[in-house]
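Starting off, we have a lone chain in the form predicted alone, written out as structure tokens.
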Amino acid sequence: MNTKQDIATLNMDIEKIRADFPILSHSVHNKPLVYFDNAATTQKPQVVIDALVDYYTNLNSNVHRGVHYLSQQATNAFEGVRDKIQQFVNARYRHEIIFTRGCTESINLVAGSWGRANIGKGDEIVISALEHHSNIVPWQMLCEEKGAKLKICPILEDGSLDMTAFSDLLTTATKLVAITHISNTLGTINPVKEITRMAHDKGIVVLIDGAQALSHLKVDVQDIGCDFYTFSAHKVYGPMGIGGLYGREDVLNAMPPYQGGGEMIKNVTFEKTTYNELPFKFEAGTPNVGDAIGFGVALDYISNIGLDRIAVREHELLQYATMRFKSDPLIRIIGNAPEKASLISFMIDSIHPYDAGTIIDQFGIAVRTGTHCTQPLMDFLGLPGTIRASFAFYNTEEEIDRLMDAIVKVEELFL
């Protein structure tokens, strides 16, 4: 790939790309919207919005088992998205892709099914200090129920994982490692392939929380080697309320169902129920068909642009923002791992993040303030929270300049 040429090409197309996202042309507080809250949720291109309207206008029907035209068409569209996801993350089989409401439900599915069947008293689960609450609380609940122990891998001063400590935490009692691929707070990209290898060498099952990763870099679950990988559509320019779980076929087959109801059954009598095959064993009830179709369109959209090109563009934005932030002695960047995604958490001197974020909003700029659902990480860092600016490929250097102008106003008001 000719990196410089790709950057130039994407820069030439940036206005066209921005035009694909209707909300980016809106104003907030009578100023053009600058959207730097992409780690919380990404904006949706018009093609995704159109796909949702089209489904409910022209295709609305329940899927599977229906013999009529609409049901068969909806089923084909819905199951076609499973194929797209399989290809997007390079799963070996399509039935290794389970539709869920998103990362949180996917993690809870693993905790409630695999966890209850495999974790016992005295067993250990290893997570990291970087984790989102959704990759902490389900394991806490499981450990409390089973009498197991939750162990935390610390981070180094730059925000990267302490891999020596991680290695030391893996013992004969460790049954599961659950680690984020990319930190939603610090942007740290964890070495998930190495983490998986180290865990598998000791016979430990691995779950990777991919909420922040799918939109920023190419994910290959076979190359990573993990047993589970979770993801959410709304972080990848798709609708909210839909996502999925990748699970290795043999692991999923050995797991009991997570929920009971329609779809996940093969035969039901009052005496006994037999369960459906994969993936339907874990998809009880009517699925979120419309949003799944929108998810597939979102994957097509970013695939057409190219994840390699997106990664190049976002790295350029990260470098530019880092340079601009470092030029202000009152700004302290929190997290400087060598491998980092396109987001920056920062503090402005002693100003509380909420106060700063409120002023920044008046300039039409959306940033996130607070603990970012990583309260234990904030406690570890000794911070009340941070301001987080998270960038997507549709953002621009000019928008970063506007954020810097707003920060100067914050400093003038509070310092």
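Small disclaimer: the values here were computed from a predicted structure and weren't measured. Residue numbers here begin at 1 and follow the sequence given.
Another form exists, predicted in complex with a small molecule; not displayed. Remarks below refer to it.
Checking 309, 132, 151, 175 against the small molecule in the model of the complex, a heavy atom within 4.5 Å turns up for just one residue: 132.
Only one of 279, 112, 102, 257 comes within 4.5 Å of the small molecule in the model of the complex through a heavy atom, and that residue is 102. Using a 4.5 angstroms heavy atom cutoff to the small molecule in the model of the complex, all of 40, 211 and 388 count as contacting. Interface residue remark: residue 215 is not counted as part of the site for the small molecule in the model of the complex, having no heavy atom within 4.5 Å.
Using a 4.5 angstroms limit between non-hydrogen atoms, residue 128 is distant from the small molecule in the model of the complex. The small molecule is not shown here, but in the model of the complex it comes within 4.5 Å of a heavy atom of residue 235. Contact annotation: residue 345 falls outside 4.5 Å of the small molecule in the model of the complex, judged by heavy atom distances. Residues placing heavy atoms within 4.5 Å of the small molecule in the model of the complex fall in a single listed stretch, namely 132-140, out of 266-274, 74-82, 132-140, 288-296.
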